[in-house]
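Quick heads-up: it's one chain on its own, the form predicted on its own, in structure tokens.
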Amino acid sequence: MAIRTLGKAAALTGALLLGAGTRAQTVDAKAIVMGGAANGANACSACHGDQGEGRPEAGFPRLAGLNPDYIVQQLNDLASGARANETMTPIAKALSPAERTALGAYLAGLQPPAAPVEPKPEEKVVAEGKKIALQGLWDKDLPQCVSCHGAGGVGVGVNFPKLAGQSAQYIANQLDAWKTGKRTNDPLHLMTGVASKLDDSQIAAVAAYFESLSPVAAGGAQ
């Protein structure tokens, strides 16, 4: 009798786990992006666009083509409070772990068309940003940006996101947030150290340079 009872319990547990796995696999990430989630999370597209292209004029970042694990990590940090953002924190909290994972995979797979930057920044500003990005500022012990974010700003792994084609306003906002201590979820506080060595004009220049790069040419989900 005991063996039979244990067998039934094991079968029931397996069925429940299978059912949970099935539900996790059927999360409709596109539906969340376009219309929000049943748990109250707002539609991602309202701020980040139907194709994850972002809204540069408002400083909302491009999500399409980012590393999926990076997206999930940022949602987790927003939900836990490790990264502060008045708009995104309640949305991230409302999303289940399965929904965050599904959104990361879906958004990483999107590749919106590269839109020209308007208005175009001054060439000398972009050139200054390019010099910092590619050579660093060794008089300030600041290494080049691409040493972590990859050649062409393609991104490297979960900790160093793709910067090519990202909104200059968003990049500048994040550098300022690290510089002032409003954002602190960078690994080993690497970005805090970087941002602290850049003045406002240098932040604007670096942001303009990376925005000027084509996210398509950078290739892949990084």
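Note that the structure is a prediction, hence the values are computed from the model and not measured. For every residue, the number given is its place in the sequence shown, counted from 1.
Quick note: we don't show the form predicted in complex with a small molecule, though the next part is all about it.
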(request) Decide if the three candidate residues H48, L95 and R183 all line the small molecule in the predicted bound form, where lining means a heavy atom within 4.5 Å. (result) yes
(message) Test of understanding: in the predicted bound form, would P187 fall inside 4.5 Å of the small molecule by heavy atoms?
(response) yes
(message) At 4.5 Å between heavy atoms, is A31 in contact with the small molecule in the predicted bound form?
(response) no
(message) Is it the case that Q111, even though its partner is missing from this view, gets within 4.5 Å of the small molecule in the predicted bound form, heavy atoms only?
(response) no
(request) With heavy atoms only and a cut-off of 4.5 Å, decide whether Q135 touches the small molecule in the predicted bound form. (result) no
